[in-house]
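Below sits a lone chain in structure tokens, taken as the form predicted on its own.
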């Protein structure tokens, strides 16, 4: 694999690590199967691209992409908790609606950013234009978002959100508003996905209405791979796993495509993605089942050698 392909894989991995963090927030912490991601990713890209093309500062345009993604997540949350729509269906409805909204925002299926300033432009003069400039900037952004998320989940609101996702009945008994937690969590989750979309559009130089297809699968793959690599019992390690899993996932994909393993070609990307997710899920379940058997065996061993108390 060439250095160009490697740097591209790491860039994509760092961007999709933000998607993985958003998926972790919704799927793991809120227990909310959210398919809005496939729509909020191109939404963030579209909002940022249109802002930049119309002369908006790239950093403000990126913030606009984050806000757009957060609104999309909030809409899904409102459909679920206020209107009683099933969570899975609520995400699907928002995702479908966002396809048309993204077309409305851009006015066409895609918007080119070639020749426009992006968030990476100032760092090209600071660091110097090179193969790894974008990767360095993205690494700083991904790490900053990870640390901010870790901090938030340790706050009173973050702990309430985690409690609501883990056990809504117990959380409600502790006077936690579960509906409010869903709205907050969905907004934050899709805000991070919107940020990923905005950065992806600026990295590749174009925002496209169809660029979100399969985003949720990529986010899930990164999260599951991270969980398989890191035995994450704490949130801080789980978020590290999301970052590492996204980079590893994109690296494996790049290696498979560049090496032509088993005749894999670019059009086989979705098939490879599905296979990677399936393997990661099976490996993760096997690891947890093995750990459970070990704990059960140790418990039986201790009970065997435990001194019996006679009557």
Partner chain sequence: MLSVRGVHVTFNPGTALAVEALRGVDLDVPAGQFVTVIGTNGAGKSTLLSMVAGDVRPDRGRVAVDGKDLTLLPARARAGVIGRVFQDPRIGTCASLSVEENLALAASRGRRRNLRNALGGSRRRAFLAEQLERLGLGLQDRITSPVGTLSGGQRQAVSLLMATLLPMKVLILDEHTAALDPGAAAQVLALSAEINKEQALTTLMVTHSMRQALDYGDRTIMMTAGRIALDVAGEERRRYEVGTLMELFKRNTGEPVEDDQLVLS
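Since the structure is predicted, the reported quantities are computational estimates derived from the model, not experimental observations. Residue numbers count along the first chain shown, from 1.
In what follows, reference is made to the form predicted together with the partner chain, a form of this protein that is not presented.
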### Task
Could you tell me which of 144-152, 103-111, 223-231, 202-210 sits within 4.5 Å of the partner chain in the predicted complex, going by non-hydrogen atoms?
144-152
### Task
Please run the contact check for residue 97 against the partner chain in the predicted complex: heavy atoms, 4.5 angstroms, yes or no?
no
### Task
Find out whether any non-hydrogen atom of residue 163 is located within 4.5 angstroms of the partner chain in the predicted complex, and reply yes or no.
yes
### the partner chain contact at residue 159 in the predicted complex, heavy atom, 4.5 Å
yes
### Task
May I ask you to check whether residue 177 falls inside a 4.5 Å heavy atom distance of the partner chain in the predicted complex?
yes
